[in-house]
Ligand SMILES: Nc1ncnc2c1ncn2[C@@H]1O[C@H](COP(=O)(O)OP(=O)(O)OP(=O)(O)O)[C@@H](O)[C@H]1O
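Listed next as structure tokens is one chain, alone, in the form predicted on its own.
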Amino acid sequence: MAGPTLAWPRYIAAAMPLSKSQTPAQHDFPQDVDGLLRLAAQSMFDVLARSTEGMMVIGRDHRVVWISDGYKRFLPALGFNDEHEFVGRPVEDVVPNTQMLQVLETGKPVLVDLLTNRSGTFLVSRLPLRNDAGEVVGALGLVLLDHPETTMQPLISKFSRLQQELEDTRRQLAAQRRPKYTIASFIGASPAALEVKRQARRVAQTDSTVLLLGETGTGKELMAHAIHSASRRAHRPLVGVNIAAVPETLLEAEFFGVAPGAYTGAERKGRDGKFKLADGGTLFLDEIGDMPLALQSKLLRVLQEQEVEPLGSNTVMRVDVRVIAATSRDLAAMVAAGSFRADLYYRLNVLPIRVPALRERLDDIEALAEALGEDIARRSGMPQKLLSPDAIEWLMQQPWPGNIRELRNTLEQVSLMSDDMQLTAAHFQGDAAAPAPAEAPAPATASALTAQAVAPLPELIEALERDAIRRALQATGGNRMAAARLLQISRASLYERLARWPDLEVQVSNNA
């Protein structure tokens, strides 16, 4: 073989004794298999030495036993005059940041890595060397590229960009799964509100399952976020799933995940379930009373064993999840009726918290209305409306079957449909609505239609839409985009209706 002769490490030379008559250049191939393998090993070693920037061999005792001619040029930067000062010393003493010892200890190669020390930055590869018994007797280090930050700049830049995008995505996901509310977000100083906040702080210090009970719209989801944010799991994900909103056929996959290729149409890489996504954090199960009986036993097993088995998989995965469940239904009555498992009910009902209805804490309505008004103004981009004392009094006299959600809906509707900066009881009672202009025939209103004995449904819907659009245009001074935002419909939908009812904008313009 042409080229300079290599100075072979002693133990490699002993294992592969070859004479010059056996070199491929003279076509004197050995007839025995062992000789052929030794020749192949020598040829491969020679090719590696020629094609790399440098090579090093260390023994089982960590000491450098040989370096190639190419490696010698790195010695001055490492603080050595020649190879005699370098060879024979422990590799960790002469090569800063080396990972050769890791290869010796594990027996596993490190095929591609970046090494940076006093002599520069290098793209390196490290391979274990084994004897006939399979024991690791040394390691081979190869310097593939010198200064890869220059020669591999496009690849390194792409890798850095992908790594940055991955970190950004992780931060965004983490931000989305952080709790939105704290215990202080549960507004109110009434005895009922103070008691539920006290209970929330207490259960937040444990990892036991919490069951939030209460009517719809009382703030159970807010309380789940608050308990998570006050717990030791606050830095971990809070994952929520509304059981009533997920089709029954998809619930198992939603909870436990899907193994790769579990069924036709399944994702090739599989998909993690909500329990896996919440690992280390909290899983909020809203509307737990709507869970099908067939799935209740599987949920019970996860709660007891803290193990999940993805759909289509035989592998059981350990998870560490704190569960907070919520329902507006009477679970005890459902257990008695046989529509909810008793054992699951007892497993969920470890730390029950009943979130009070709004009618049970009427003293909090003024503070709630103030906070809700601020949020409505922020979201709509309009000034916040003030409430007169008689408006507060009117609000406190209502039964609020929809609780805080209904209160917000009422405040938002009246705030957006009125030009007045102060809202009185009359605004909420509907007495302040502007009449239709006298010069144009007033279209039928929803209230007028409902007063009739019989009214066709399409006619009712049309009257409601016309009245809502007219009020939105009045509130925004005829601004179509702002009106569409108030109505929570697209501009295209608004323009379609205005083209159908062109007199609406004329009415608004005349009123102005």
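All figures in this text were calculated on a predicted structure; none of them were measured in a lab. Residues carry their position along the shown sequence, with the first being 1.
Separately, the form predicted in complex with the ligand exists; it is not shown, and the next lines address it.
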item: Interface stretch in the predicted complex with the ligand - options 411-419, 296-304, 211-219, 115-123, non-hydrogen atom within 4.5 Å; value: 211-219
item: 4.5 angstroms heavy atom contact with the ligand in the predicted complex for Ser185; value: yes
item: 4.5 Å heavy atom contact, Arg322 and the ligand in the predicted complex; value: no
item: Proximity of Arg405 to the ligand in the predicted complex, heavy atoms at 4.5 Å; value: yes
item: 4.5 Å heavy atom contact, Arg485 and the ligand in the predicted complex; value: yes
item: Heavy atom within 4.5 Å of the ligand in the predicted complex - residue from Val308, Leu372, Leu140, Ala226; value: Leu372
item: Candidate from Arg236, Arg361, Lys274, Lys385 lying within 4.5 Å of the ligand in the predicted complex - any heavy atom; value: Arg361
item: Residues of 308-336 having any heavy atom within 4.5 Å of the ligand in the predicted complex, listed in sequence order; value: Ser328
item: CA-CA separation of Ala482 and Gln422, closer or farther in the predicted complex than in the form shown [shift of 3 angstroms or more]; value: farther
item: Cα distance between Met481 and Gln422, which in the predicted complex differs by 3 Å or more from this form, closer or farther; value: farther
